[in-house]
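Have a look below at one chain only, the form predicted on its own, in structure tokens format.
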């Protein structure tokens, strides 16, 4: 492991590593599931589009079968051809890697940075769909996201009930009680990140129990807990001039996790801690279960329509927040590109400027953590802010359950001890971190 800014990117070059196993086994499995999903919808495509639908289904499957073969045989990464708005950025990124490596053949699935090729796979899946109208708007991951939401109804109902009960007492709450509610809902949002379909290669992964009842049992598994600093950041903004103007939540998964994010956002607004929330999601289906604009709106509609008093009340409130502009949903091509976030200032300066307008940035999940830290082979004890390598638009909090081989900001010996006790501690999603960095404070 490396302790300086030149820590090498994780890649499948290391045989037996998690990156290697991901590219060897998990990515082909995901592509196979996508092929199966498209094939299972063949009749639907025929009903909607006739023979054109069947033809598009065949062509999309052919492109995806070719992609799967490229992964499995370590073929060179190819330029995109679909003409979408991010095409130039992707192809320039490939050219950058080719010039670094010295030749085209060496930028391949097993030889290149894991973060890059994994992101590239999802972009190629999008290309295979997009090149084949009339099925080019089809979300190949929608079934899993929908299933995750419906199978987590019990947990969602418990969460909405907790929120509405807390709201009833809000005028009589002490600062300590308010803090207690905040910590619980922050931790629920954190552990909601366990419900990730890309890590389970699309296997069922939902939240069945009340998430509030298990928090005490999960607390020992939070390896870094900067909750107090996050609260202090909210409070300092409040005391220095009314409410915190804006919190941005960079979303991860649809299904139960986005519900936990919405409940946290509702709490922050309704208890006067924040005046507006900007949610950032993906502009096309990504990493199996990530939130798109359609998923975001669908989740609110389903919550409104739920046959549960407090769930439907929450859904109605969320719709109202959106209508009034208290909540807003944003996407940007940068979120579905392979760049580390330290590239954002150069590669997406408009997005960086937008994030500078937030008083607090909450980054959800593992992929955001990998991009924050560059998905590099850091020493466990490297400071979080060092791994960010200059990415500091606003105060940053990462809420992440561990599903990949990168972790920084641990105490000396902490990572090694975990490694000796549980070899897969970095990838099992059993452990989590709440890590905070404020560029405006002396750390």
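For clarity, every value in this text was computed on a predicted model and none was experimentally measured. Numbering follows the first chain given and starts at 1.
This protein has a second form, the form predicted in complex with a small molecule, left out of what is shown; the following refers to that one.
For the candidate spot formed by 367, 370 and 404, every residue has a non-hydrogen atom within 4.5 angstroms of the small molecule in the predicted complex. Among heavy atoms of residue 22, some come within 4.5 Å of the small molecule in the predicted complex. Not displayed here, the small molecule is approached by residue 287 to within 4.5 Å at the level of heavy atoms in the predicted complex. Residue contact with the small molecule in the predicted complex: residue 256 places no heavy atom within 4.5 Å of it. With a 4.5 Å cutoff on heavy atoms, residue 295 does not count as touching the small molecule in the predicted complex; it lies far away. Checking 343, 276, 266, 118 for any heavy atom within 4.5 Å of the small molecule in the predicted complex turns up a single hit: 118. Residue 26 is the only one of 39, 59, 66, 26 with a heavy atom lying within 4.5 Å of the small molecule in the predicted complex. Listed stretches are 354-362, 153-161, 215-223, 245-253; the contact stretch with the small molecule in the predicted complex is 245-253, by a heavy atom cutoff of 4.5 Å.
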